[in-house]
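Below sits a lone chain in structure tokens, taken as the form predicted on its own.
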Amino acid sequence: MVTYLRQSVCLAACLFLYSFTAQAETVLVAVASNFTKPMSEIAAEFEKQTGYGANLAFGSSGKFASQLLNGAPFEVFLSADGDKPLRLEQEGVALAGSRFTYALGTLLLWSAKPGAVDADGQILHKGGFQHLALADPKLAPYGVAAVEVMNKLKVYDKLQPLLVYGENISQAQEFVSTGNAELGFIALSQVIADGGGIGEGSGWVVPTELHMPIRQDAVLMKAGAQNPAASALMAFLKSPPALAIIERYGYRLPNGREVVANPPADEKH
């Protein structure tokens, strides 16, 4: 009986230790929808190189920010803008000084049909479509950028009755993919081909001077401050392997950063 009890206690202790270890070695990450594909690759590379795991949740930056302010347990937040991470820092739920820009987004006017969108976006002036999809500007920075572009081109008032809003940019793409909208504003990363260019349908890469820069910021939440996996992921996002993936998906690198063979010592992990 004593042996049995000892074994039971030992097993319980081992399970507790395993549970604690597994929890400590994994980071829970909230990721803006536009960054779904690159972050999935980055998480796989992160696990391979560091041994830490990353559990990813994808959605609109606005909804994540609201959830984080209300106590959601995410440990790292990859937003599609800089405003929301800044606010989380100011509200005291994110770690001050941890915020940095991990990518500059590229906006694309896109149709699932080849030849439907011309290389200069003139279709916005010419019309000939019934629905134009975009992410809700109240929730998603890419939606804000899309409205800026239409205003800059002086077509917003004309197109406003045709706009259909997705909760996030993935839903905007879905509207176009399923034919519920003939075209829409999405992120280039969602349809980019291997080696660059648009992998399916047709599109216009919107010139950056037509909207404010889409600065996508990462921030370490206080919930992850004591988790080494969370700190490791923040460092890994600045590493050459991560930067190479980010560039491959059509994002620009912030502050003139570039992929280098030998990272600075403070970026090694």
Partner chain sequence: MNSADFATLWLTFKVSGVATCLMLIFGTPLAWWLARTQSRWKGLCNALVALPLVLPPTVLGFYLLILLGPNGPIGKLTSALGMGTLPFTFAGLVVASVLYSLPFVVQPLQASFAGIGPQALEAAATLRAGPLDTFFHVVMPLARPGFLTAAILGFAHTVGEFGVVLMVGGNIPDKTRVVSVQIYNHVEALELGQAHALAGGLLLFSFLVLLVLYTALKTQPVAHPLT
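All values reported here derive from a predicted model rather than from experimental measurement. C-alpha atoms forming the largest set that superposes within 1.5 Å between two forms make up the rigid core. Positions refer to the first chain, counted from 1.
Only in words, not in the display: the form predicted in complex with its partner chain, which the text now covers.
Just one listed stretch, out of 151 to 159, 193 to 201, 168 to 176, 114 to 122, contacts its partner chain in the model of the complex at the 4.5 Å heavy atom level, and that stretch is 168 to 176. Shown without its partner, this chain lists K222, K63, R215, K37 as candidates; in the model of the complex, only K63 has a non-hydrogen atom within 4.5 angstroms of its partner chain.
Taken together, K84, L163 and N180 are fully in contact with its partner chain in the model of the complex: each brings a heavy atom within 4.5 Å. At the 4.5 Å threshold, heavy atoms of A244 stay clear of its partner chain in the model of the complex, well away from it. Put simply, D136 is close to its partner chain in the model of the complex: some heavy atom of it is within 4.5 Å. Shown alone here, V205 lies farther than 4.5 Å from its partner chain in the model of the complex, counting heavy atoms only. In the model of the complex, its partner chain sits within 4.5 Å of a heavy atom belonging to L69. In the core-superposed comparison between this form and the one not shown, the C-alpha atom of P38 has shifted by less than 2 angstroms. Once the cores line up, the CA of Q216 ends up less than 2 angstroms apart between this form and the one not shown.
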